[in-house]
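The structure tokens that follow cover one protein chain in two forms, given apart as structure 1 and structure 2.
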Structure 1
């Protein structure tokens, strides 16, 4: 049984000891921040993107680095999940990508603002966060998937379509694999589907991509050959 004097001394020593440990760990964490956040890659564009993020209160719906709301998707690794091309298309017109479904506000961002936001998300996505959040199952960046999907797949397919679909085991898994899609549907059907998915199947999760006629023709030709 400790006396009052001993108990007081134990409390003082323990508090002091744990305070020292806490300060030491805090100092160590602060020393690691520049390397873990890749501070040397924080460009002027990424800084502007962060300002756009704050000015438009994006955290009112989204979460980044564990902070924000959970109404809309978590975006810490969105660059890895979706990639630059897909993000540009979505930020340009969210409603056009998912007619009648998306509730994201149309901010009418300029091309420069979109580039700045993507720079911000790219910088965030490259941070060393000790495994947070869980590694996404969908990978979508040209650097990762160019050539991995198929040697003759058009660039628009590598940049956009593999965010959800896979070919030869490479790509996303949100939508169905497309390895034999050419044996199931003819070119006319595929063209109509890519042009306006909601017209073919109302309520489908397939977004309205709004790709150019030339890009759509390339994708249709490529998919028609997957038999």
Structure 2
């Protein structure tokens, strides 16, 4: 068996040796990280977004790159998942988007700050993360999120509504599937509903989305066709 002196040598040698290897690997990582994280795309706006992220401790509710808290959605791929338009609406007024759900802090960001945050998330979303977050491996009967929403749907539907609604089995499931909504409601009702859901049905969980008049007309037309 080892003597005390040999045990001490074991401690000193293994610590020294592995510390050196660790520092060498760190040096090599520092050379590779800029390329893997597209540091050249880290714009001034994205850096400001990172500061907003940091100063408000968003990591105290969310995870990004899988690090942070487990109370609110993982945001590494949020740009890809939700798209720019949806994120703008959401960050303007988080509570309006998910009334009655778990609350995010209402930060009252300016449009400039929202753009910065979105650039930050866009940059994060493009990193090479060795395959994280993994693609789901188990298929469900009703597929999720942004898949192939029918090609003839208007852009605003793809940008905003599919986050919560599905058509032909693809899209979110926060709100009901809209496959036969055209036979359920007429165009006037749909128009009123989308412009102010609370006025139609007080206490509903469908958010008021500030969709422009032109976009709303397109969406109503599209939905009315879903018989």
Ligand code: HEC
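Superpose the two forms; the largest set of C-alphas matching within 1.5 Å is the rigid core. Not measured: the values here are computed from a predicted model. Positions refer to the first chain, counted from 1.
The form predicted together with the named molecule corresponds to structure 2, not structure 1.
Relative to the superposed rigid core, the position of the CA of residue 206 differs between structure 1 and structure 2 by 2 Å or more. Once the rigid core is overlaid between structure 1 and structure 2, residue 195 counts among the residues whose Cα shifts by 2 Å or more.
Once both forms are fitted on their rigid core, the CA atom of residue 36 lies less than 2 Å apart between structure 1 and structure 2.
The two forms, fitted on their core, place the C-alpha of residue 178 4.5 Å apart, compared between structure 1 and structure 2.
Core superposition places the Cα of residue 7 10.7 Å apart between structure 1 and structure 2. With the core fitted, the CA of residue 215 sits 2.3 Å away from its counterpart between structure 1 and structure 2.
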